[in-house]
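Below, in structure tokens: the form predicted alone, a single chain.
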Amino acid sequence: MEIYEIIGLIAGICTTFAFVPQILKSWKTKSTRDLSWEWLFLLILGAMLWFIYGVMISSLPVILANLVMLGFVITLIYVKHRYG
């Protein structure tokens, strides 16, 4: 594995897992009033496009980070829908 791939994986882990505290807080408090639907939809669109881009250029760090991020954003959308 090349150094740029390692850096990409570390960057992907950091930015992707930055969503975990927000998911946990939203789940515990059952409050998502501060999360706008527009932000969530832009975020999921961006993650989907980055994922497609990663596939097109065969970049494992981009693919993995955005696949996990899609899962996290979908979780936030579910929590927002459920607890509004």
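As the structure is a prediction and not an experimental result, all values here were calculated from the model. Throughout, we count residues from 1 along the sequence that is shown.
Absent from the display: the form predicted together with a further copy of the same chain. The rest refers to it.
Asks: Might Leu43 be said to contact a further copy of the same chain in the model of the complex, defining contact as any heavy atom within 4.5 Å?
Replies: Although a further copy of the same chain is absent here, Leu43 would touch it in the model of the complex, with heavy atoms inside 4.5 Å.
Asks: My question is simply whether Ile7 lines the interface with a further copy of the same chain in the model of the complex - judged by any non-hydrogen atom within 4.5 Å.
Replies: Looking in the model of the complex, residue contacts with a further copy of the same chain include Ile7, since a heavy atom lies within 4.5 Å.
Asks: Would Trp50 sit within 4.5 Å of a further copy of the same chain in the model of the complex, counting heavy atoms only?
Replies: Close contact exists here: in the model of the complex, Trp50 approaches a further copy of the same chain to within 4.5 Å, heavy atoms only.
Asks: Would you please decide whether Val62 lies within 4.5 angstroms of a further copy of the same chain in the model of the complex, comparing each non-hydrogen atom pair?
Replies: Val62: yes, in contact with a further copy of the same chain in the model of the complex.
Asks: So which residues in 9-31, when you check a further copy of the same chain in the model of the complex, have a heavy atom no farther than 4.5 Å from it?
Replies: The stretch 9-31, when checked against a further copy of the same chain in the model of the complex, contributes Ile10, Ala11, Gly12, Cys14, Thr15, Phe17, Ala18 at the 4.5 Å heavy-atom cut-off.
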